[in-house]
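Coming up, as structure tokens: structure 1 and structure 2, two forms of one and the same protein chain.
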Structure 1
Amino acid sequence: MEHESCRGGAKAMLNLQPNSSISTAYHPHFGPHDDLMLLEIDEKLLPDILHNRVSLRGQSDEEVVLCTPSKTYAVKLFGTSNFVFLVPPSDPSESSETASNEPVVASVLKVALGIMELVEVAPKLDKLKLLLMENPYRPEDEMDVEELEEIEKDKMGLFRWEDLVDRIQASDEELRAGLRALLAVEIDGYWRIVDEKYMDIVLSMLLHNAVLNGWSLNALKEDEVVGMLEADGFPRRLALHCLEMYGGQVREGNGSNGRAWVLDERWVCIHFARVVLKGGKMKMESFMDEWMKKIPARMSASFEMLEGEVLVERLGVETWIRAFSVSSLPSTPVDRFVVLFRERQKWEWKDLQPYIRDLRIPGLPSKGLLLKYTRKMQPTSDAEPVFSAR
């Protein structure tokens, strides 16, 4: 190819008929153009890209990902054995009369050595928990907003939404789902995880007020519950957060007036099981006795509620129980299975399943995860399968 004045940009290439050819030449501005990369995308992503609904996310020490409003994609560069020419649009200033007397030549601006492709991946949310746990919300954090604004936020480990978007490799939708899973709450513009001991105090006070005032745990009026907790010295946002953590709305209303909540029996019972096991493993009988004492009188607890929250061990004739929550495990499959098999060398399926059913890897079903990361042992077809590390 030679440098020459020519006509026929990308449009000429697009209009090229089968079994026909076109001459090529170097564009006057031909060069490496490192700021130009070729990206091959699925057609379903085109609207998001054309309407600027995508963003590249990642810190300097991370591999970049591309995020749409709802999904995360790894950006992979693939080499090619063929030349890939980047041909710009033709110059619109050319008159058709002048151009018609010149040969149709495609002017090549750049030769691409590879093409970037997008591969859907799971969001990287483990970092989110690490960031929010730098500074969990505690009672002593209840200070004036003006006083809070005078403190350097980064050094305190406080993060606004835009800070998390800048640091976490996940789409906005996935990031919000991650915040919900961590039971995080936005307080004065910053996303926080509330200290467990503090939430225990708030929940216990809510249950105490329910008994004193004869409230039904299936129809808690928001304005009454929040108003009473505020009178007890708790911030309004934390009172609402308690209802959001341990309950669900059963009736909408105008503002807080008329809104009603029901406490979720399972989440309340799990909370008190965690409180009881805070000190370490216990004999099953002792645990069940302490746990039942803490369960509200109008609730019914069953051991099945603790699936994915505790591990049971049999030592001789004794049965012991200890906390082991799926919420504390890594979200990436490789790290998750490393932790699981460090905990136990062999897992029965009924014990393993609660700890992997939340794993979501695009294009890889649950059976594929087991094949990739475990070995299955099953002496007979009717025997309980046992899994060990691959």
Structure 2
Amino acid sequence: MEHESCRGGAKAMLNLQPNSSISTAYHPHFGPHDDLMLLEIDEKLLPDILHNRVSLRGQSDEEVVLCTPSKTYAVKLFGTSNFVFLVPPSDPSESSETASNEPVVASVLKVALGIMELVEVAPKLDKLKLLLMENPYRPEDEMDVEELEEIEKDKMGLFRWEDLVDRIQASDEELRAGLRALLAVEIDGYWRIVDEKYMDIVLSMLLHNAVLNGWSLNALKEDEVVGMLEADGFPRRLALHCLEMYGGQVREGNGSNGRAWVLDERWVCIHFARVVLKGGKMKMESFMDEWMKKIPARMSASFEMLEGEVLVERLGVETWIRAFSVSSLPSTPVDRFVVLFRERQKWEWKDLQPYIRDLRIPGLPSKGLLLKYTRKMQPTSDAEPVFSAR
């Protein structure tokens, strides 16, 4: 330790024996020491910190957060009106033989003005989508990325994992989960969101090939699917991404049996609903007609699948439907409810629930969310409760 100190220090003070005393003095290097800070932490975070797995993240205009491998914490400074004397340990290089006739002193290096505390928060992932949407992946637009300068890459909305860590206030695990939730894919080392129209082309081609070749949508062989799409001119990584986006793995690859996938009926049906509603709101009958035409022959669609994806309104005698996806909404509760109540002043619980069930505030259960951000009206006990803005 670079702190020169007298014999004694923290250990002598904390181990003070019964019927003894220790002199307390200002340290030879006593001062403001603004570079020293006190951070209160939970015992359970100690291993991560001591093994160098913790970092602070944030841009200069953001409130700093502390990230462990899996969680994010806001750092709050609490001042104190008490006098908090900070006593360092004594210099370990001093041996007990030298200066044994010097008094034992506990030296105060600094008076602490406050203590930093950690408050668990949800990761701030809205920025991630903004960044990745700057340059959605479209193969025909792609330039030779390697030839671009670093600065240009940044301007072009191209981000590697390290670039995202630098910009997003979330732990590594939460950032990975955020990328998965956005269905982002790593292409040539850069994390990309694939342009929607392009994904539609890939998926449609996959389904077309399935029909032509008699493939079962419950047991698609990865090698066959990817191989055929590649032959059709699609990048291999995107073909695989299509399976990842719209399906789930059924079988791990081993030896001669490659991986197998099953297409998820719900995600495929939602995809086609979004395509149909791209042009804006439609009358319910027209929508259902168009939607059913697009669903693959061996799949069946039900309206319940579109929970959290569409809004239905009665205008006069007609029922209209339009796209409104929970994935397009802000992830922080305050902002989410602002958008929801701007869309509709009053919500019945059954309509509201799909749009808030993914919200998370550490320490606050979902009922608490409703209490905090909405006003509930329920004229009679068996009437449907209705929620509006606070």
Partner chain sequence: MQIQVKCGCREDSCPEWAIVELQGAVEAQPSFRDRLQNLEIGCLCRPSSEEKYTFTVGYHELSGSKVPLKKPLLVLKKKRAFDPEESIDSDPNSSRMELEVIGIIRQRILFKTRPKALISKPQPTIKEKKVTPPGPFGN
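As the structure is a computational prediction, the values presented were derived from the model and not from experiment. Just so we're on the same page, rigid core means the largest C-alpha set that superposes within 1.5 Å between forms. Structure 1 provides the reference sequence; residues are numbered from 1 along it.
request  = Decide which single structure shows the form predicted together with its partner chain, answering 1 or 2.
outcome  = Note: form predicted together with its partner chain is structure 2; the other is not.
query = Is residue 371 one of the residues whose Cα moves 2 Å or more between structures 1 and 2, with the core superposed?
reply = It does not reach a 2 Å shift.
query = What is the Cα shift of residue 15 between structures 1 and 2 once the core is superposed, in angstrom?
reply = Comparing between structures 1 and 2 after core fitting, residue 15 shifts 2.3 Å at its C-alpha.
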